[in-house]
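Just the one chain here, laid out as structure tokens, in the form predicted on its own.
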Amino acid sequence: MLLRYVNLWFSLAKFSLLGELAFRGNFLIKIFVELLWLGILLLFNYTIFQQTTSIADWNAQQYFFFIGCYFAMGGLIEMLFLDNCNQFADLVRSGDLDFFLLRPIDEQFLVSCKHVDWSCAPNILLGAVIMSLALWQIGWTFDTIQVGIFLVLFASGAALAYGFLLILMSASVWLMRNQSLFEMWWLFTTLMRYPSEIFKGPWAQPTGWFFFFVIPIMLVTNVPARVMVRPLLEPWLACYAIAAAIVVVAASRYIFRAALQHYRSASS
């Protein structure tokens, strides 16, 4: 069964790549925009570090590793899921969701994985390059166990982000439009861009606590980055990140199935 889904995903990915290459100019412009965004992000933070030695106890090399982790994570989510989830409201409104529900395959997989945005694939590679350069400047020594833990936590962060996207997407069945819901997703990506330590003080600390434990979107990039460049990662925090990903993905699956139960097809 799993092999069947893997083969299907590769076929969908190949079809998406052929579609992108049919409009090469648009494909290259999208890649250029992503490169420009990365350049601005790096320049902005480089300028900040010309005036200070650390941000919330993260030095320059650690912080640039965090940026690379965020950029790679964002590229992975946008490449695999974002465009699919954004189109879900149109499928509901037009009734085209009927055609997905009639096919002999899991609806969630087909709806959320049918298209791969290959223009975001370079973001993952560029993020990996930034992380590698930051580790080189730190003088990091290769540690297989540390890298393995990082990859597990990076995957759990991606699963956590996917779960939140699926929840927002599922709400389209009741609301019919999801533009405002995806404004919330961009708020989430903004929170993913910063270390949790910046939320200090009587007003900011409750906000940081809320988005770290209640709606744990800040776990997506904070925990994987910490395990590589911070002096110590509490074991409970790594376990909590993995557990949160499992809970959110399970909850999103339940909400998606409940949304389909309330979907009124085009023929009804």
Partner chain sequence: MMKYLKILHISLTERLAYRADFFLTTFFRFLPLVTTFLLWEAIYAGAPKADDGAETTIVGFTRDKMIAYLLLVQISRMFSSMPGLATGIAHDIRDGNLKKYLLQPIDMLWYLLSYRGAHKIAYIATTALPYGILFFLFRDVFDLPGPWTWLAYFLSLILAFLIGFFFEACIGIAGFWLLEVTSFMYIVNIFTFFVSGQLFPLELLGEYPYLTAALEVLPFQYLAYFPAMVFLEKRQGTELIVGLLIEFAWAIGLLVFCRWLYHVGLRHYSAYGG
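Residue numbers count along the first chain shown, from 1. Given the structure is predicted, the values throughout are model-derived calculations rather than measurements.
Form predicted in complex with the partner chain: not shown, discussed below.
Ile55 belongs to the set of residues with a heavy atom inside 4.5 Å of the partner chain in the model of the complex. A residue is said to contact a partner when one of its heavy atoms sits within 4.5 Å of a partner heavy atom; Arg230 fails this definition for the partner chain in the model of the complex, lying far away. The partner chain is not drawn, but in the model of the complex it has no heavy atom within 4.5 Å of Ser132.
Under a 4.5 angstroms non-hydrogen atom cutoff, the partner chain in the model of the complex lacks Tyr240 among its neighbouring residues.
With the partner removed from view, the residue among Val147, Leu125, Ala155, Met184 that has a non-hydrogen atom within 4.5 Å of the partner chain in the model of the complex turns out to be Met184. Interface residues of 13 to 46, taken as those with a heavy atom within 4.5 Å of the partner chain in the model of the complex (partner not displayed): Phe23, Asn26, Ile29, Lys30, Val33, Glu34, Leu36, Trp37, Ile40, Leu41, Leu43, Phe44, Tyr46, in sequence order.
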